[in-house]
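We begin with a single chain expressed as structure tokens, specifically the form predicted alone.
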């Protein structure tokens, strides 16, 4: 393990290969929940929790169950089961702590289960930190940190988007581009701006 590797993971996950604006994963919740900052922040925290915890559990499952028994071909279905379990847990917690927020999320909270961003980080961890069926040195810590950083990248995109959309609510926007058309235009411009980080050399 070294600091440079952690720094590389942070810059890559948050800026260079942002899960939403560069990899284009998890767009359904990104467009639907980013109308206001508070729900966007709550969704970001929920996704960050799920990505971090699923990174931990999927690493153990892959390292101590799938690889030793030659079941690596089951990684997708096993990862989805882990993610679904944690999403149900998050859903129950939000329903208990904040019923209004739970009602606001509606169908999009259970959709974290099929949020490809969450599955994407679990698969990415396996592809990056396991070589020839063996975990590289520090792979567990790298996997957990990448789960956190992907959540941070998701939160960054959500908060930027929600801030822009809240400001645009005060503007006279043509009716033909309100709501989803305007959201996709904003997302496209944000994605283009994040491409500027590709010039980083580290």
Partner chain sequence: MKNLFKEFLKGIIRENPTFVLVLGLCPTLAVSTSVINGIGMGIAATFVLLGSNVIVALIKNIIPARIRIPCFIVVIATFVTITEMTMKAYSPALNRALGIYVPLIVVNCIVLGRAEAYAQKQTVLNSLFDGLGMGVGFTLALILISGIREALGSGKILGYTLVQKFEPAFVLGMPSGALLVIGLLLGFFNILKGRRE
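Residue numbers count along the first chain shown, from 1. Think of the rigid core as the biggest set of C-alphas that the two forms share within 1.5 Å after superposition. Predicted, not measured: the structure shown is a model, and the values here were computed from it.
Same protein, other form: the form predicted in complex with the partner chain, not shown, and the subject of what follows.
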query	finding
136, 28, 45, 164 - the one with a heavy atom within 4.5 Å of the partner chain in the predicted bound form	28
Stretch from 33 to 41, 170 to 178, 48 to 56, 140 to 148 whose residues place a heavy atom within 4.5 Å of the partner chain in the predicted bound form	170 to 178
Exercise: residue 97 in contact with the partner chain in the predicted bound form, heavy atom 4.5 Å	no
4.5 angstroms heavy atom contact with the partner chain in the predicted bound form for residue 77	yes
Any non-hydrogen atom of residue 11 within 4.5 angstroms of the partner chain in the predicted bound form	no
Residue contact check: residue 101 to the partner chain in the predicted bound form, 4.5 Å heavy atom	no
Heavy atom contacts to the partner chain in the predicted bound form at 4.5 Å, residues of 117 to 141 in sequence order	119, 120, 123, 124, 127
Yes/no, residue 38 Cα shift of 2 Å or more between the shown form and the other one with rigid core fixed	no
Threshold 2 Å Cα movement between the shown form and the other one at residue 70, rigid core reference	no
Yes/no, residue 92 Cα shift of 2 Å or more between the shown form and the other one with rigid core fixed	yes
